[in-house]
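Shown next as structure tokens: one chain only, the form predicted on its own.
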Amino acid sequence: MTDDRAMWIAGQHVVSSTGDWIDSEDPATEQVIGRVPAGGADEVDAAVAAAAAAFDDWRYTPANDRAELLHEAVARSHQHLDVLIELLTREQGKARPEQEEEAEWALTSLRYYAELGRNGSGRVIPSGEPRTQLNLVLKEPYGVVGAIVPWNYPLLLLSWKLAPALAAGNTVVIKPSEVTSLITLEWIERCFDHFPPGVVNVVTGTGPEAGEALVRHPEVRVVAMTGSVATGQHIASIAAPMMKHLHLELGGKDAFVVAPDADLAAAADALTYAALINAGQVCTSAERVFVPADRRDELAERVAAQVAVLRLGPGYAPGTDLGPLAADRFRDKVERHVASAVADGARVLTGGATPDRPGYFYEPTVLVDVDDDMRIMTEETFGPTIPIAAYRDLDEVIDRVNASPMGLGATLRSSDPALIKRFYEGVKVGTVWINDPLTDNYAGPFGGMKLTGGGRELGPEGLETFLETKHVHWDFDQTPKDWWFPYPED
């Protein structure tokens, strides 16, 4: 018996006009657990029309009222939290403690932007004629936002778009990943159905069908997407002629650097977490590790010993440390990267194989003797791998960190303040973690540089991205000005 769901458009359940469905699997068993409609252009048109119709009232809803509606979504989420976490775990796969953490992070985002949205809608600036003029800088919502959300953190990364977009006064059409559409529909239907119809909508379907139709729709003024560099480039090529506002958080190939003064036992603990949380399916996962040449073997042995005892299993099974990859095609990519590295001379210290069991599992893998030209060091792997390379000095490692065309984040383990300052000033990434990797601060902006995209989520910057700026110059005095035509003859 599968869990069949309908799309959510204008506060109503809607199925695909084609009658086609997309299966959703439990990645730990490879069993189908539900289906969602394979929506396309017709459903996107209906959802955008509903969002556009709702926008005129929603944009003028007082900010305090919008805040209370967001807080009510938090309250409803807590009422249904066990159901949400259970479905999230079965559909997405990571260990239940990580799912619980994701849910709480998502609700924190709703709380944060509910309050931030109350704080202002612009500013008054000094006027040229203070007695007769008023100059205002207004921050206004764009209109309809298209939110394209990935599968690795389907609630969290949705909340980082949905909460500020709604707090700013926009309406939203969500296109979830086809891998995690069930949990998205469950959350929106259960916890956001008190919003006015059309303010929040969900269209399920594939990227080429539903996703591309959403990007191409002329009434979608903002496209907010987390995903791969290739997908972001494709979206940008479509959106550019229509001058849409793009908010893109794309791929990462984050470096984890162990300084010469670092404690190796603590560094091994931090690295194992930074590389393997969510089985490495995190855009900020530590995917390139650099350690001083004379300390590489000791660090690698410590990490390999820790990794070798981690427990693979379904995310909902007690004691599981690492769940499966979210789908077979993601595991295939990890297998290719490891095999390619080994063929080019890398050595596997632990892992490096697909276990003989149902589910999309892959053994957490530690590699040494890697070089910077290997695919596992240049392309985003998005899986449970830890490739460890040696370096000579800080200037060299900063150059190697910056050699990646992506620039999302980087981690440094050190207690040397001069070295730390040189590192965070030298690396071209959006977030630098010193000693405590992958920790988010809701008041601090998150995003990348270079091919990772220039968007920022979280913090005031996360709200600003869903607001456009208008300058109002208001003169109370309607007397003709001396500098108007005709000009003096002299």
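Computed from a predicted structure; not experimentally measured. Numbers follow the displayed sequence, beginning with 1.
Although not depicted, the form predicted in complex with nicotinamide-adenine-dinucleotide (NAD) is the subject of the following passage.
The shortest heavy atom separation between E249 and nicotinamide-adenine-dinucleotide (NAD) in the predicted bound form is within 4.5 Å. S77 falls outside the set of residues with a heavy atom inside 4.5 Å of nicotinamide-adenine-dinucleotide (NAD) in the predicted bound form. Of the heavy atoms in A163, none are within 4.5 Å of nicotinamide-adenine-dinucleotide (NAD) in the predicted bound form. Contact annotation for P208: at least one heavy atom lies within 4.5 Å of nicotinamide-adenine-dinucleotide (NAD) in the predicted bound form. Partner contacts here mean any heavy atom within 4.5 Å of nicotinamide-adenine-dinucleotide (NAD) in the predicted bound form, and among 143-151, 112-120, 297-305, 371-379 they occur only in 143-151. Just one of F330, Y391, F192, F361 comes within 4.5 Å of nicotinamide-adenine-dinucleotide (NAD) in the predicted bound form, counting any heavy atom, and that one is F330. Contact annotation: of the candidates N402, S127, T231, S340, the single residue with a non-hydrogen atom within 4.5 angstroms of nicotinamide-adenine-dinucleotide (NAD) in the predicted bound form is T231. Not one of V44, L88 and E186 places a heavy atom within 4.5 Å of nicotinamide-adenine-dinucleotide (NAD) in the predicted bound form. Of all the residues from 168-187, those having a non-hydrogen atom no more than 4.5 Å from nicotinamide-adenine-dinucleotide (NAD) in the predicted bound form are K175, P176, S177, E178.
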